[in-house]
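This document opens with one chain alone, in structure tokens, the form predicted alone.
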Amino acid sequence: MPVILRIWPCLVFLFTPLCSMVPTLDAKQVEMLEDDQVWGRVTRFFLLQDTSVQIVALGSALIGITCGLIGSYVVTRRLSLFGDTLSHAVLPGIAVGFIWAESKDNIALLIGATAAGFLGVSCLTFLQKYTHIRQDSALGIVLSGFYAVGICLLTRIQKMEFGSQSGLDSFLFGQASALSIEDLWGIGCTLLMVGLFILFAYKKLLITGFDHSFSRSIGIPADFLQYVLWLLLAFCVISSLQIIGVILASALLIIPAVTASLLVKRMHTYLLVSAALGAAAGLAGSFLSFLGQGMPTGPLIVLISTGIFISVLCLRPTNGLLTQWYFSRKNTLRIQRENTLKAVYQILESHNFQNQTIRTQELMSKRGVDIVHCEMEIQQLVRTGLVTQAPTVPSPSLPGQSTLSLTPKGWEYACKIVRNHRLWELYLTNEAKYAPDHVHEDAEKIEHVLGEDTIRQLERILSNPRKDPHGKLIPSLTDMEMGNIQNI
């Protein structure tokens, strides 16, 4: 322990100068002057001019890194509720430590919280080992039971002679402004222990997390590693109580790790991203607390973490909710556009390609839509340069009588869709032995996803056919040239 205490000031110095730090602050949020302008507050925060800013910013960043690292294993091992249970289980230990010392002594509170954490872990182990109670039920029992005991003890403390000014409510909701150098050392020691444990046991943790039974069969002390992980988790929860509080402590363990799981797949990258997200949330929360008035740091850190999670969930490049919606919407519009082009082609085909224009009323009938939806589909084709539309006849007695004509680009696109449809119908009829009157619905779906390579392969298999199963012409590459429209 003395060695850690000698190393830790060096680590603190790497983050920010702490030579003038004071031990405690009294305000609920980071201290600031009411007459400061917003830009002045921003400058004061990023230049770290105030000792209170240095303490809270550094403490929030360090606890964010610690929770991000240990939270990665909590999430991957599906122990999220365990972290929440442990954070609530330490509350009676804090109350007992205060009663023992008759003051808010950090050492007594730490000892009490640690003992309560171990007792909570022991209760969970006993319930899982000697009863048939499921893990989630056991976690719920320990969480509610210990938390209820803690609330009763806190209520009792307020009625004692030395308990009127206890300030233990800060452990419920967090009070980042009350951080001291001793608290930073505790957070730093926890981070150092977590970092060294992950560094030296990374591969073993990876194996035990993937397959617990296999790791035991090859001689890895899986149970010992699990208990050490629980111990470090308890220290992490205890060190974060001053900033986040009992109620929200599990949030900083879970949210950055879950957010990182949406971005990366490899474990070492996962750890780094989770730690970075935790640190970013800690710094951003302390910044907003300093910038605003009456804004508590701990809840702001959790809100920032939640905001980052929602942003990643919605905007990540591959499977984001908004990203999926965008591509789904884009694909829906593409299919609608292709179906409209195919309908235009079929109308021209019904006229034996004698005319190059069709009436909007014909397209409405072919598509089975009303004038409003038909106009929307037409305007989509016009915007993409696939058709041109003549001015609408102004007579109210002749609605939907504007004329459409395919552009060269639109003609080629329409022929492509019709070719895909009819080639697939012929393939199902000839090769899969479908009845000709049963192939249309399947071709309606597949025509939108067939690529050029697949089409070339179908043409080779079918020997470059010219007619579909219904005797209709299959447009060829030559037919796609606009100049040949009259020759079909």
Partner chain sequence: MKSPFYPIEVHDLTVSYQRKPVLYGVDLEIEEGSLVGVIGPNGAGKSTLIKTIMNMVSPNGGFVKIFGKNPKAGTKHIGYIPQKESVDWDFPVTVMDVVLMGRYGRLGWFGRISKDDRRMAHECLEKVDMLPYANRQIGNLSGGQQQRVFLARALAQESSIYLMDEPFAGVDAVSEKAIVSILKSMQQDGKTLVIVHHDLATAKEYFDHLLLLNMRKIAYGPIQKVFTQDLLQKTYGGRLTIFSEMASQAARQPEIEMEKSIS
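Numbering follows the first chain given and starts at 1. Bear in mind the structure is a predicted one, so any value in this text is a computation, not a measurement.
Beyond the structure shown, there is the form predicted in complex with its partner chain, which is absent from this document and is the topic of what follows.
Chemist: Tell me which of 132 to 140, 108 to 116, 344 to 352, 210 to 218 has residues with heavy atoms within 4.5 angstroms of its partner chain in the predicted bound form?
Modeler: Going through the listed ranges, the match is 132 to 140.
Chemist: So, Ile335, Leu428 and Tyr434: all three within 4.5 Å of its partner chain in the predicted bound form by heavy atoms, or not?
Modeler: Heavy-atom distance to its partner chain in the predicted bound form: all three under 4.5 Å.
Chemist: Which of Thr360, Asn339, Thr407, Ser180 has a heavy atom within 4.5 Å of its partner chain in the predicted bound form?
Modeler: Partner contact (heavy atom, 4.5 Å) among the options: Asn339.
Chemist: Going by a heavy atom distance of 4.5 Å, is Ser328 a contact of its partner chain in the predicted bound form?
Modeler: Yes, Ser328 is a contact residue.
Chemist: Does the 4.5 Å heavy atom contact test between Lys416 and its partner chain in the predicted bound form come out positive?
Modeler: Contact check for Lys416: no, nothing within 4.5 Å of its partner chain in the predicted bound form.
Chemist: Can you check whether Lys204 is within 4.5 Å of its partner chain in the predicted bound form, heavy atom basis?
Modeler: No, Lys204 sits far enough from its partner chain in the predicted bound form that none of its heavy atoms falls within 4.5 Å.
Chemist: State yes or no: in the predicted bound form, is some non-hydrogen atom of His268 no more than 4.5 angstroms from a non-hydrogen atom of its partner chain?
Modeler: No, His268 stays farther than 4.5 Å from its partner chain in the predicted bound form.
Chemist: Using a 4.5 Å cut-off on any heavy atom, which residues of 456 to 474 would contact its partner chain in the predicted bound form?
Modeler: Read in sequence order, the residues that approach its partner chain (within 4.5 Å, in the predicted bound form) are Gln457, Leu458, Ile461.
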